[in-house]
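The form predicted on its own is given below as one chain in structure tokens.
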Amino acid sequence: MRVPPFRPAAQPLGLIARSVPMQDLDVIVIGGGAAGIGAARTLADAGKDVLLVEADTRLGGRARTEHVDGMALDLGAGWLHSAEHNPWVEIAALHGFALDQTLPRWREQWRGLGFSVAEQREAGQAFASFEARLRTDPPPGDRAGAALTPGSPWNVWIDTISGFVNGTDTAKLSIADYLAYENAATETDWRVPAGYGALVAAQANGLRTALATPVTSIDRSGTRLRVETSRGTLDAGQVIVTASTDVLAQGSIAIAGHDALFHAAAALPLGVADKLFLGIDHGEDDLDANAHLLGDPRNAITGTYTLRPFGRPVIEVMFGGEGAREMTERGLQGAADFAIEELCALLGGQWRRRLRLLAGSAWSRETHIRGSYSHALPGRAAARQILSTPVDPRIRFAGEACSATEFSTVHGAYKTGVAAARGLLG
């Protein structure tokens, strides 16, 4: 059994050296995820001397593709959400990446296993009522969980769904923030057979990069900005910061005069959503391609399962919110054991011998990210605007948390990076 570590051993494109010499750059972009790549690409295309600085040994951020058993597995972002206005659709065509337009079947429970059609209908009605209250009669305090019907048998299920979608339960979720996303999103979600993470990294082809280079501070006291890194000092006229909100809130990058911004980041914490991939050694024809199962609709500690995505001999598992935190504590093999037991409860005990762990993620333990995607705490939806508003005209912030309506997505992150770069270009 081959189980890759969370960090890939290979060192992809970029410059990794013992030190980064002082350089006079036009712009330094901090963070090599979708936002950073979008910013650096926009600046480079405009003729700017730009350096993309990434703390990790790879590019892509929370979009990460691993190749295991000849399959491209996305351990982070996997869906091109809202494809009608997702720039990665055009970027995929530019780089020759095919798109699979098969829509997800998240609302279905394959063959009604463990979750009957009648129960699915009841749960769906409970969720519709919950969302209707958020829209038409929101409770005071902007706390989504306050709109749950007391005593409803489906409250746990609603919180479980929130864990998958938002990375947290409804008690920690701003109503205004939740609705801002829902009102802007469509239900057209596509996938990249060659890997969404691979596509994101491909958009950085040709960019000047420095990997394994954590930034510790930005000194804005002079005419030019001095960026301190673990391997030396860099000098630039302008900087774009795309670090995650949890990294910013912890003060990992010191920037004088930006306290309000760091407080805003703390109001936009990262939820947790992690993936596992289980290889199917035999019997895959017993499962429909792209079918979906929820492990246990009555338990927050459960997984959601996509059976044979792209028709491959694999089951893609996702844990969110409370379930993801529990699986992080169990470790990858412990999480895989849990998932296999849930699947055996639904599919039959014979599957215990057919399934094996291929790969998995634990985003909250990724030092330079510390989580999956942002959500606004109750009453703090306006923090997204604060985070994206410059304090120093030479410094811009970008990333999925800076998007007012497309946060938690790769395309939202990319758009904010492009916008930040254009803001500096004037």
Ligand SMILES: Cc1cc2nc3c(=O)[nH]c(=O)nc-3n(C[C@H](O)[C@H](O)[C@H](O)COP(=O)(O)OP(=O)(O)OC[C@H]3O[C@@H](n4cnc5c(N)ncnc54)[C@H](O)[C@@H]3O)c2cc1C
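Note that the structure is predicted; figures quoted are calculated from it, not measured. Quick note: we count residues from 1 along the sequence shown, nothing fancier.
Heads up, the form predicted in complex with the named molecule isn't pictured, but that's what we're talking about next.
Contact with the named molecule in the predicted bound form, judged as any non-hydrogen atom within 4.5 angstroms, is confined among 76-84, 167-175, 333-341, 289-297 to 76-84. Annotation: in the predicted bound form, residues Ala35, Arg62 and Ile253 each come within 4.5 Å of the named molecule through at least one heavy atom.
Contact annotation for Val53: at least one heavy atom lies within 4.5 Å of the named molecule in the predicted bound form. Shown alone here, Leu43 lies farther than 4.5 Å from the named molecule in the predicted bound form, counting heavy atoms only.
Heavy atoms of Trp363 reach within 4.5 Å of the named molecule in the predicted bound form, making it an interface residue.
Although the partner is absent here, Tyr373 is a contact residue: one of its heavy atoms lies within 4.5 angstroms of the named molecule in the predicted bound form. Exactly one listed residue, out of Leu134, Ala180, Val314, Met318, brings a non-hydrogen atom to within 4.5 Å of the named molecule in the predicted bound form: Met318. When you look in the predicted bound form, the only residue of Ala264, Ala243, Val239, Met327 with a non-hydrogen atom within 4.5 Å of the named molecule is Ala243. Contact annotation for 381-416: residues with any non-hydrogen atom within 4.5 angstroms of the named molecule in the predicted bound form are Gly399, Glu400, Ser408, Thr409, Val410, His411, Ala413, listed in sequence order.
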